[in-house]
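The chain below stands alone and is given as structure tokens, in the form predicted on its own.
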Amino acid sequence: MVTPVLMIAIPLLAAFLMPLIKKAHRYFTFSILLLNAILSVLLFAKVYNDGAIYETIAGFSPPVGIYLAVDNLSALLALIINLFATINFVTSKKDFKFSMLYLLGVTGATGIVLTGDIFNMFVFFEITAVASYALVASKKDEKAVEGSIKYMILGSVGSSFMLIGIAIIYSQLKSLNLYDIAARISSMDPKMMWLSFSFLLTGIGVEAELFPLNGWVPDAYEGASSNIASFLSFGPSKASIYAIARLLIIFSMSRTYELALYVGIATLLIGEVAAFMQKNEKRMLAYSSIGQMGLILIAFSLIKDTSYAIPAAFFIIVSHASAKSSLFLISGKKGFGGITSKYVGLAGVLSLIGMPPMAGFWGKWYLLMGIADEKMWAVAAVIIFSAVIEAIYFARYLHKNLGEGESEDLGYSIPAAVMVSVSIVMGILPLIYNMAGGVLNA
């Protein structure tokens, strides 16, 4: 029987065993990641065929016990995180400490999307954040340390806000189970409910790279090694934006959806305009990531209004995770010096700007369809304007890099090619719409 507990317990235990397996740490870590990737495929297949999985830990029923809840979208995100983490780790050539931190980061990101308990979500956020701070700094140069410190300072503030938000909910409902909270949220004092949502959105928004909480992003991505910048783009950020989607459904107030929409629009515009102004490519990719996270939040803010919201968010998440993480992987070289790098660069950019038949096209298509249904023409204009800016700076990026460049490192470009191919596959398979259409359980 496939159980989501294993996907958290196995990499966590392996991380603590790492000091005992110093010499074979790379093979051991890759084996654990591969096992988790296989489990994530089996878990998704089970959820897709049989419906959502709800599992209690140690036999204590909710709202007292720890609870795991896996629906279609959370299973898909767990699959993306663990599959890409396995492919990305192939590029790692560092010591056992790096492998240990990497496993902890994967554990935390997986736990965030699988947990059904808001306090355990906070614990998984902390595991992910601490591992990410250290992974960014593992490059051991001035920019890496600066980026890590900024990330840590803002992340610590975010953690405090998240904890305060959880405390407010517990003081009102005496429960930490997400489903129990959702069922009883209307009994909370309206002011306290709004206050707790604001604290939680602020806390999680740091990891989700939302404006104005994303000051750490360009420095951390620029300072980090290529494979860690890649990890940040498909791991912590995607788990965090999913956590915000769950909050929106749990609180389910028109004002919370409206706030999420405004934050998403601001994040999208500022991210894309800032990316347009960058000359450093890693900073450009980082600001572009901020813009994409804003686009995902806009999609999630429409969950209550249109059935297009979930498919739109899913396709944009897939596009960003596969395309942006692959572009970060090849960012260590000047120019696309080989056929594989050229393929990665071209496919990644086409997906991000929304060209068919890439996953990014379907994400923007479904989002615009949903917005058109709701006659939100101003929001549509913002998205189209941002898409034009995005196309311009990525055209400049391709023009600069598609010529002759440094000889490519196949150890990076081949994993990147595999990752970006996911966006092509997801864009072509018509079955994906049905897979993405699973509604989040509130």
Partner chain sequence: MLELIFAVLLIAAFATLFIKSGRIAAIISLIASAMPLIAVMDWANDFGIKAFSFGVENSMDFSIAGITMHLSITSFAWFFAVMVFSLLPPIFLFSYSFFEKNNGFFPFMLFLITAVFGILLASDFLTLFFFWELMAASSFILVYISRDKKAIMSYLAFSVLSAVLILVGIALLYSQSGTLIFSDIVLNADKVTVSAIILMVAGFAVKSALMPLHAWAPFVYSKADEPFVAFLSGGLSKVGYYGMFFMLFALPGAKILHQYFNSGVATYLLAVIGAISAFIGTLLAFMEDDLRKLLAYSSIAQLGYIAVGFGIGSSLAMAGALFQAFNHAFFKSVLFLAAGAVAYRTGKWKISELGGVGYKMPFTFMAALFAIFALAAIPITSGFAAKWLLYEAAVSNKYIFITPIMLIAGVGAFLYSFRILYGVFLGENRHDDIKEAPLPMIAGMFLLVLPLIIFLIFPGYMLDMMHSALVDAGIGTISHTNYVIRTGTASYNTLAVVIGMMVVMIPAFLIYVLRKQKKVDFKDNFLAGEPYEFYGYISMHAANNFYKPIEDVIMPYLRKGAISFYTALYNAMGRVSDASRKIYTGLSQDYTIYIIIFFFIIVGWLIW
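Not measured: the values here are computed from a predicted model. Numbering follows the first chain given and starts at 1.
Below: the form predicted together with the partner chain, not depicted.
Enquirer: Verify the flagged residues F30, I249 and L295 against the partner chain in the predicted complex: is each one within 4.5 Å by a non-hydrogen atom?
Expert: No.
Enquirer: Given that the partner is absent here, state which listed stretch (323-331, 82-90, 230-238, 192-200) has heavy atoms within 4.5 Å of the partner chain in the predicted complex.
Expert: It is the stretch 192-200.
Enquirer: Just to confirm, A274 within 4.5 Å of the partner chain in the predicted complex by heavy atoms?
Expert: Yes.
Enquirer: My question is simply whether V263 lines the interface with the partner chain in the predicted complex - judged by any non-hydrogen atom within 4.5 Å.
Expert: Result yes; V263 sits at the interface with the partner chain in the predicted complex.
Enquirer: Does any part of I384 reach within 4.5 Å of the partner chain in the predicted complex? Heavy atoms only, please.
Expert: Flag for I384 set to yes.
Enquirer: Can you work out whether L410 and the partner chain are in contact in the predicted complex, taking contact to mean some heavy atom pair no more than 4.5 Å apart?
Expert: Contact with the partner chain, no.
Enquirer: Between the options A309, I290, A245, L73, which residue brings a heavy atom to within 4.5 Å of the partner chain in the predicted complex?
Expert: Only one option qualifies, and that one is I290.
Enquirer: Within 141-157, which residues come within 4.5 Å of the partner chain in the predicted complex, counting heavy atoms only?
Expert: K150, I153, L154, V157 sit within 4.5 Å of the partner.
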